[in-house]
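One chain is shown next in structure tokens, namely the form predicted alone.
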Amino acid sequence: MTIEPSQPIGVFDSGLGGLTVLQSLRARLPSEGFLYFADTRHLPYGDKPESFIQARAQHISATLAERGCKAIVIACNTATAAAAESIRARLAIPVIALEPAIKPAAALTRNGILGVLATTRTLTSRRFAQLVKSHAPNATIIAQACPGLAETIEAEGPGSAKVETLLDAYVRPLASAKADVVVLGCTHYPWVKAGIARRLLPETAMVDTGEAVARQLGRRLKEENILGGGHGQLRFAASGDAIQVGATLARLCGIRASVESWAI
């Protein structure tokens, strides 16, 4: 199969949290075209069985490849933990995944206490345990699961009263533990970065992985000689209510676009 530089890059998440990654991708690779798929019919992934997430992520990745994507970005920490390795084994195109930024967080900490905000499934995954073992074996890890936060950010907006209540519950334990670096381990959480910061100790650093993923994607496209050619085109598709996804797109990041409805 011949891959052309003009083909789009497929990006997917359970919802629209991956837009925070898409922003980094477009900023670094403005000549690329992107096809973003939001699996909103199954939002959130974070508390679903690993077997379901793996099968779903494999199916979405295969569909994006079949529809002409030259590379896949898994813009979801939970899907990465469950399915990245199996997706790479099945596809002949570059597959870029993201994971909680434990390595850079370990390099930044001064007191050895790292806070991690993520979904339940991410924090209980083998991949997360391996990251900690490899990059922060001597650190104290305050792993805070955040059930309900991702879908509430989408449904009610980053500044909603319910989001504020959830942030109180999930962020304050990290401040109490005196974490001096906090990892945003879900792509939805950068939308509420300011609210998280208000609840942490002064000068606490926060890290996510959007920029690192963009750099890695650029390297892989260059290696495969398929860099550029998409002319900045942008398409959106969703498994759930396309009209609702379009409204959320506009509310979260000011993008006004038609959203394709995919029955997959």
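Because the structure is a prediction, the values reported are computed rather than measured. Heads up: residue numbers just count along the shown sequence, starting at 1.
What follows is about the form predicted together with ligand DGL, which we do not show.
Heavy atoms within 4.5 Å of ligand DGL in the predicted bound form are found in one stretch of 61-69, 38-46, 213-221, 23-31, which is 38-46. Think of it this way: in the predicted bound form, ligand DGL has a heavy atom of just one of Cys186, Val73, Ala179, Ala105 within 4.5 Å, and the residue is Cys186.
Among residues of the shown chain, Ile153 is not one whose heavy atoms approach ligand DGL to within 4.5 Å in the predicted bound form. Contacts with ligand DGL in the predicted bound form, taken as any heavy atom within 4.5 Å, map within 116-137 to Thr119, Thr122.
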